[in-house]
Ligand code: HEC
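As a starting point, one isolated chain is supplied in structure tokens, in the form predicted alone.
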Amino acid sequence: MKIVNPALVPFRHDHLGPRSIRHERENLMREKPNRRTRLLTGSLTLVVFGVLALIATIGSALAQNQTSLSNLFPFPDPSGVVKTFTTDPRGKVDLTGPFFQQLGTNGRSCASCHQPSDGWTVSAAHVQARFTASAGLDPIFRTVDGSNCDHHMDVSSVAGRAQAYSLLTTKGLIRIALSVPAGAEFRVDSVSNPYGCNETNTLSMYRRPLPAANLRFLSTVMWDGRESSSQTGTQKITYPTNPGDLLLDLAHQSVDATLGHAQATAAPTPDQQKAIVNFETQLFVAQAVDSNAGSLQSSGATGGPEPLSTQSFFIGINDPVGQNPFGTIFSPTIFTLFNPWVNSSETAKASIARGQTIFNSKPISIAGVAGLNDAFFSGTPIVGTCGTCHDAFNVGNHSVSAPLNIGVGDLTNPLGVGYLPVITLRNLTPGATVQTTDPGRALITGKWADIGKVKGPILRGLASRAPYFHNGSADTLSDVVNFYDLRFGIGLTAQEKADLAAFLAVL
């Protein structure tokens, strides 16, 4: 019997279920690991199927008119359970503030694209569930940026809406309209967009919403850093100016999101901006339970969001090219969460510990990465590890602003990017051309060298927010591992790939 994963029903603040079902879910999460594993992944009895079906009916959440989520409320995801810890002194996630209010004209709130069930972003599976439940009328489905293009879209029927919003339902992609900045070193020669947005003056970028949690660890805001850039009136995040720079940038982003995504006629007030930023910066999200290994704090491990909330961090804390403000030498030992499981007799725990070791120590010949090899190593390859580009301890993003092009947006991405437009850019000086699916940072700075560069995201809570990379090109964490193995010729064995994917799934 095939069981529908409860994680395929998303959190929705406007659809909340009875308290007894909430308690049923919490009881399930407290089961002993071996029983919980059977309930989530084994051959389930009809009784268990009934429990899971009951949970699934409220996968989007809690009690009618409920105003808060209890701290560490469990949301099932494809690998187990994801939880959020808030440092709000009230000890709960407040659902009444402006983050959840409709501040614009199209029915959206911040929570439309940032849901706790999905690690405070959206998974494509949950977007599809919302489309099915609402016949494509949920506020996330708006042609301003939810549709594949913003003109010539027929959204008058369910079939038309399914076609118009196909990138949102299959890849979780939002369309971002950006123009080439004045004075850029390049021009747009042509755009071949399968959805009709072929304009060369305003380009349609298709990107995953980033999580609105774990923000204390950010070294730049947005994939292309546009909310941390002088070109947009925001501030680069640096050690001397942090966290004031981060708070300023997040406030600016709340204005841009409200005016753009929510189509507001006026910016949120200063008090609303402050409330949104305060709410977001108190959220910490991470995987808390693995369906095979059980609690990620068992046997001495320190997974889950609560330990993450106390993780030490500052800008440059472990930068590999000498940008630590205290001159501390880079350490490739990025993650230590599962050190106690290294010699575990339990198969799942041992696999996760091996995956952590691979992440920390597997040698990688890093070559052709714009923003790294060319900027710091005269274009020559270097031997590094996963931590070379994911250096923040137990977090996994870069600890300084470091936009890189590892080839995710290139036409040669081995995972396939045929669902994205092909954009041809021409350098104004030598006349060289390049084709890409996303110019990335270059659409902010105008620099030819920045084409294709994007930031590396925070890795915590990965299991709840598929698909992966900025363009959703990796449907699963196994796809992520395969991409890196092919891109850098790492030569991972089948067991190493499985162990590394298991580790990423418990972050």
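A residue's number is simply how far along the shown sequence it sits, counting from 1. Just so you know, these numbers come straight off a predicted model, no measurement behind them.
A second form of this protein, the form predicted together with the named molecule, is not displayed here; the remarks below concern that form.
Just one listed stretch, out of 322-330, 369-377, 424-432, 87-95, contacts the named molecule in the predicted bound form at the 4.5 Å heavy atom level, and that stretch is 369-377. The partner is absent here; in the predicted bound form, the one residue of 394, 302, 229, 109 having a heavy atom within 4.5 Å of the named molecule is 109. Only one of 417, 191, 149, 222 lies close to the named molecule in the predicted bound form, with a heavy atom inside 4.5 Å, and it is 222. Contact between residue 399 and the named molecule in the predicted bound form is not found at the 4.5 Å heavy atom cutoff. Not displayed here, the named molecule is kept clear of residue 306 by more than 4.5 Å at the level of heavy atoms in the predicted bound form. For the chain shown alone, residue 284 is not a contact residue for the named molecule in the predicted bound form, no non-hydrogen atom being within 4.5 angstroms. Heavy atoms of residue 389 reach within 4.5 Å of the named molecule in the predicted bound form, making it an interface residue. Contact annotation for the candidate site: 174, 280 and 468 all lie close to the named molecule in the predicted bound form (heavy atom within 4.5 Å).
Annotation for 249-270: interface residues with the named molecule in the predicted bound form are 250, 253, 254, 257, 258, 261 [heavy atom within 4.5 Å].
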